[in-house]
Structures are given as C-alpha cells and as structure tokens.
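This document starts with one chain, in the form predicted alone, laid out as structure tokens.
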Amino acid sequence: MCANPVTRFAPSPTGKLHVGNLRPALLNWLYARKGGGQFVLRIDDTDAERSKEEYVDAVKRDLEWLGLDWDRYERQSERMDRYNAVADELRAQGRLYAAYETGTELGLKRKTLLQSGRPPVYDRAALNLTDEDKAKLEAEGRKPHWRFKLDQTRTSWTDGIRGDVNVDCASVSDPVLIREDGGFLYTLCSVCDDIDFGITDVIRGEDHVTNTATQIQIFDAMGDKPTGFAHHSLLVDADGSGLSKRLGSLTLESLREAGVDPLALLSYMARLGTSEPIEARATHAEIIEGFSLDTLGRAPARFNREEIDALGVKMLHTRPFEDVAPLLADAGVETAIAPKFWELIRENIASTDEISDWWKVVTGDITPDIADEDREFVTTAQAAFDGAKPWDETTWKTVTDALKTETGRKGKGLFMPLRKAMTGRSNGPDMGALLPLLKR
C-alpha cells in the first residue's frame, strides 16, 4: 500500500447501485481510509441519453446510508473540454484514428472471423482509408467513430490482487474511444481523470483486466505513469452460479428498505472472498482496521443474502442503548423506561422494525392469545396479578408460585398461557423483568 493513497468509485448514473457495485466502492473506500488517503466519488455521466439525475441522487443516498464518505466529488459531464483536448493530442500523434464501419458491418466482420476459427479482432481497415475515401463516406452521411491504435505488444503490470498480469494487445481490438455522435466512452475519460485527480490505485472487477491493458497504453500515450491496478473476483450466488439475474432485487435501496443493518452489510462485504472469517463489526473504524487487500482471493466470491441477515441479527442483539435511542423515541417508547425496555427486547427481535411491535405489548395494544382450555385459569391468574399491584421484579415469581399451589399447574402448562395472555406471543423476554413495564 502506498502512502496516502487516492482511490475512486466511478458509477454511471444509468441505474441503481447493487451489491455488485458495492464491492469496488467499499474496497476502494477501505483502501483509502486504511492508508490515511482520499476517496473520490466520480460520476461517469458522459452518456447524456442514459444518465439521469435521479440516479446521481440515489448513488449519494446509498453511500451516505452506508457511511462511505467521499473527500472529492467530480462529474465527467463537466470535463468535456479536457477530454476533447486530449483527443486532439492523440489524433496528432496518430494514436486516435477515424473509422466508419456501421454496427451491422462490424457484426458481419466478427461473425466471419468466428466462423473461420479466428478471434474477432478489428482488422484496422480504417487505417487504409485515404482522405478521399473519408470525404466520400462522410458525403454519404456517415460520421466516424474514433479508435485508439494499440501497440500490438504485451502489456504487463503487477496487479494488487492477481500478481503479475500481462495481456497480448495483438489479440485485442483497437478500442472505440469516441462514438459517432461525439460522445466519449469510459476508457479515455477515466485515464484523464485518474491523471488529473492524482488517483494512485484503482480496485475494480476482473472483467476490466483487458480494459486495464488498453488504459495503460493510453497513460503511456499521454506521457504519464499508470495508476496501480487491482482486480477483484466477481460475485456469484451461494451455489456458485451467476448473480446477474438477481442484482435487480439486490439493489442497495431494496436492502435499505428491507431493514438491513448497514454495518452488517459492510462487515459482510469487506470479508467476502477473503481468507479471513466474516465477523460482525460495530463501527466503520473496526472494519477499516481489519481490512487488507492481501487477503482477497481470486476465486469467485459467493454472495449469500441470508448470511447478511444473520449477521445483522447478531449485531442487533449487542447494540448498546445509545445507538438505538433515536429509534426507540421514534417508536414512542417512554424515555424513563427506554433503557430497560431495550435491554429486555434486543435479543428477541430480528430487526429494529420490531421495536414498535414490542412497545405495543407494553402499552397493551395487543390481542391476548388464550386457548379455550386455559380461559378459566387465565381469569384466575388475572385476579391474582391485579391483586398484586403495583408490580415489581418479584411479582411474577410470587404470583406464579401461588398459582402453582392453587391450581396444580406447573412448568409450561403454568407459564405459557400467562405469557400468551399478557403479550399475545409464545416467546419473548423474561416475564419477571417484563411485567413491571406492562401498562395494564
């Protein structure tokens, strides 16, 4: 890890963030925070047709919910002059050239190559066009897209996760950097930004490995040293199958609305695909402290939503009163008894949404659950408890001991009908401690 690293997360605002997006966002944030550096949020919104402001807002909302703060905020749509200037420099070098093939024509070329058993690499036919050829094509109404001319050699780097990596760029098509409509694709803009913003390290999915080789050559063409790159494995389902079909239901928004604890989600994602055990962390500082890029493996990371829920429940059961005091207040819990109330219920709930349900038990806003065969016993017990008011923490034992002697009931036959009648539930906190809080 370099000193004071500068990393970035660069989402395109064309949809909502999901767990697949969260992985690079979190890893880059952790790497920057662990090294005492900076984390840049860059919105890749050069695609004006597909980018929407509502998704920009959603990105910020999701990161804020998770506590992934950023030190610098940038938007590519505000940097078009810079990209155009770099494109002109690359044209002057002969590294950016105009190509006029239509999508259909390119598709036919790829199909032909594949049918002959060759890789579908662009044949660089556009490099043979004369000025006269170009003028004729443009007179027909064609507009050029612009390709970067790769050096057809091996491009190598030491990857922060994968180790030594090299890509044979002779087997890679010259990438399109600018579309026919003049719009820039990710590849060139990202290199410009990484240079200008002083990005030292980029952590992203392994599906970008070939793209990294291309970008390293663009760094070289611009006369700058490449950033450090690390490529993590992609997420798969718990059974090892692809996760892509489920990503729509695994948006950060949907997880938030489902009541997922953000620290549980971060604790899980920070260790997913590593050699370290997944453990609940109570603070961001603990997650940062336990992070190391060296622990990330190359095998696909198996994502299991149920494990996040289980981790969240475990964390919830240990949360101190101070952390949940605002939630208790929102549920209407009286300030005077809120600490005791939380102490009693926290190990009996699976999410904070259940706080209000247990407060209803205290206030009496419940439907007693009384079986027909227990109705006479419950009536007797009610009179006994009414006669023992005001209730304290000794009342439950005193009254139930007396009822045991009077009715001959004992064990579950004694205690369960009383619990169900008083709380409407068959399980919950110790009744001796809960009884003094009940309002009836």
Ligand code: GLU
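Bear in mind that the values here come from a model prediction, so they are computed numbers and not experimental data. Residue positions are given as counts along the sequence shown, with the first one as 1.
If you look for the form predicted in complex with glutamic acid (GLU), you will not find it shown, but the lines that follow are about it.
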Item to check | Proximity to glutamic acid (GLU) in the predicted bound form, single hit among Y186, Y122, W157, Y100 (heavy atom within 4.5 Å) | outcome: Y186
Checklist outcome for this item: Interface check vs glutamic acid (GLU) in the predicted bound form: of R179, H208, R75, R302, the one with a heavy atom inside 4.5 Å is H208
Item to check | Candidate stretches 312 to 320, 267 to 275, 140 to 148, 200 to 208 - the one whose heavy atoms come within 4.5 Å of glutamic acid (GLU) in the predicted bound form | outcome: 200 to 208
Checklist entry - Do A10 and glutamic acid (GLU) share at least one heavy atom pair within 4.5 Å in the predicted bound form? => result yes
Next on the checklist: Residue-level contact is defined here as any heavy atom of the residue lying within 4.5 Å of glutamic acid (GLU) in the predicted bound form; does D44 satisfy this criterion?
Outcome noted: yes
Checklist entry - Does glutamic acid (GLU) get within 4.5 angstroms of any non-hydrogen atom of T214 in the predicted bound form? => result no
Checklist entry - Is there a non-hydrogen atom of T227 within 4.5 angstroms of a non-hydrogen atom of glutamic acid (GLU) in the predicted bound form? => result no
